[in-house]
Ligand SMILES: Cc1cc2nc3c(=O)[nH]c(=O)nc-3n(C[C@H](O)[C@H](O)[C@H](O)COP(=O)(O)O)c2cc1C
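Shown below, as structure tokens, is a lone chain in the form predicted alone; questions about how it binds or moves come after it.
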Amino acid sequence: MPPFDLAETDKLLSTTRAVRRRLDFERPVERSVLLDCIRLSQQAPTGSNRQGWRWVIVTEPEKRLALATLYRKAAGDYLLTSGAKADAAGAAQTARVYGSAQYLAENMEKAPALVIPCIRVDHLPEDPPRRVWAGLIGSIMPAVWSFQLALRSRGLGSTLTTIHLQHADEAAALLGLPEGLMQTALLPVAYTKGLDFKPAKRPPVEDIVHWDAWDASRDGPGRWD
């Protein structure tokens, strides 16, 4: 007998979407709900058990607008041009994603809460090798995903964005972040308009799994798309 209701857990895992157009900008988000979701995220694993995550939740309208302005400055024409290219190439799903991303960029400050997950980096050596960065990101992203799952289970949505990191120093100054703390993302958080999210279209798992060693014969054109 499985220890959990697999139908419910599988539904949670397969329908926690990147929500943009369906964020409800009119409904406030309770501070207690955000804290409950972050409390759950603290159970995520971290490298060397350092638990170096820190969270900054921005609800003040002026600061939300300032962060949204940085986001839009970083995005520039990227979202529009990328969406146009995807549309011209006939990649309908990708074009829709860029379209919704552009909508979010234009309305970012309307989200009731902007959540910035951070991690301490003051223990890192100077110019660390790639494996160190892999361990560092692996120590914060599981917590971010747990946070997003906890939001979904409570009727809220989010999407993980990183575009504002092009202006991370300005965001750090705005929020008074100390040296040695690295921002890793920005998540607009709101209740969702409806709860009927569905699994996204993905390639067959057999196409992306290699058993015991890499099978180069399957690495043909388009395999990385």
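Start at 1 and count along the sequence shown; that's the residue number. Predicted, not measured: the structure shown is a model, and the values here were computed from it.
Another form exists, predicted in complex with the ligand; not displayed. Remarks below refer to it.
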Considering only heavy atoms, tell me if Ile163 and the ligand come within 4.5 Å of each other in the predicted complex.
yes
Gln51: touches the ligand in the predicted complex, heavy atom cutoff 4.5 angstroms
no
With the cut-off set at 4.5 Å between non-hydrogen atoms, does Arg202 touch the ligand in the predicted complex?
yes
So, in the predicted complex, is Phe147 in contact with the ligand at a 4.5 angstroms heavy atom limit?
no
Counting only heavy atoms and a 4.5 Å cutoff, which of 169-177, 39-47, 52-60, 152-160 contacts the ligand in the predicted complex?
152-160
4.5 Å heavy atom contact with the ligand in the predicted complex for all of Arg64, Ala68 and Val189:
no
Check each of Leu114, Ala101, Ala143, Cys118 and return the one that places a heavy atom within 4.5 angstroms of the ligand in the predicted complex.
Ala101
